[in-house]
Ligand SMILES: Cc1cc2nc3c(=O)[nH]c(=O)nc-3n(C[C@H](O)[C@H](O)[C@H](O)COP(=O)(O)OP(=O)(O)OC[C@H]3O[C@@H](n4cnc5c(N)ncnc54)[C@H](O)[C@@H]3O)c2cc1C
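Just the one chain here, laid out as structure tokens, in the form predicted alone.
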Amino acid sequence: MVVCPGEQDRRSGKRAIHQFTSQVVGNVPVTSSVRRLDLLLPPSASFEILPGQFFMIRTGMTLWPLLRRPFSILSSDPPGHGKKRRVSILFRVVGQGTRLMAEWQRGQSVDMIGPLGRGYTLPESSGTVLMLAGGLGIASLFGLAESILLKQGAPLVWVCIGGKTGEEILMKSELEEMGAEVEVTTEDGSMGMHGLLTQWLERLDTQMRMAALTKSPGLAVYACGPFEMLARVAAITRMLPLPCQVSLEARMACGVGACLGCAVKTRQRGYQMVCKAGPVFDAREIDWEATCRLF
């Protein structure tokens, strides 16, 4: 395992970036276009992995595809002393890189960098947690729900998953088995509420429940999904008002803030890189109007 030059240890307050080789122990279809990849990290990978962080993965063994691909960390085992541990990701097969990944067999070696980025800040109190996942956005939120529900005296974790069709609703049964309360919206009405996830937020009965929830101390909102969805969620939570953290999905070539390809506009700090300053931001921090023009 290689620790990238220029990064320091915990004493300096800076985050180390690790490059290492993992091994495929599972690669199974979840839907017709989405697969779950399970990887075994080497014993030397004793670093902490926070919910909301991501890995940059080399998908080909040649120079093409040249660039690594970013993938949210679905779940991970806690670090163990000298023991191998498992991490999992979800990926949609959309291009050459992910088509290569879909062919990986058990025992395949995988070149990875991470964990990268800033993850979610866990709620400090035992109040209700509301999560809004658009499509594959559940890959980022699943580990957060798992972390909160595993805590002793876990609060109510209320997850709403939205998709175009029922096939796009991922990890519903796994979340329910962990103890989360799960609701679903689909654009074609094939599962759950007919409509958009943001319309679920705006529904009258939801608003009534939200009004009750806003009176509960420590209510926290988390969201991940398409940019337009997050912009609307940010507007609704700002109006209520509720604290909201969002994980932004952006194209990125390096994952460490060098290529400047994933910039978003913030209200106070100017342009920030999603890979380095995020992918998780306070929803109030993003200049949504200016950033929408960038995507």
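We number the residues from 1 along the sequence you see. Small disclaimer: the values here were computed from a predicted structure and weren't measured.
As for the form predicted together with the named molecule, it is not shown, yet the points below apply to it.
For a residue to qualify, one of its non-hydrogen atoms must sit within 4.5 Å of the named molecule in the model of the complex; none of V129, T198 and V221 qualifies. In the model of the complex, at least one heavy atom of V94 sits within 4.5 Å of the named molecule. Contact check for S147: every heavy atom lies farther than 4.5 Å from the named molecule in the model of the complex. Within this chain, V233 is remote from the site of the named molecule in the model of the complex, having no heavy atom within 4.5 Å. For the chain shown alone, R251 is a contact residue for the named molecule in the model of the complex, at least one non-hydrogen atom being within 4.5 angstroms. Residue heavy atoms within 4.5 Å of the named molecule in the model of the complex occur in exactly one stretch of 106-114, 157-165, 171-179, 85-93, and that stretch is 85-93.
Contacts of stretch 263-295 with the named molecule in the model of the complex, defined by any heavy atom lying within 4.5 Å, are made by P279 alone.
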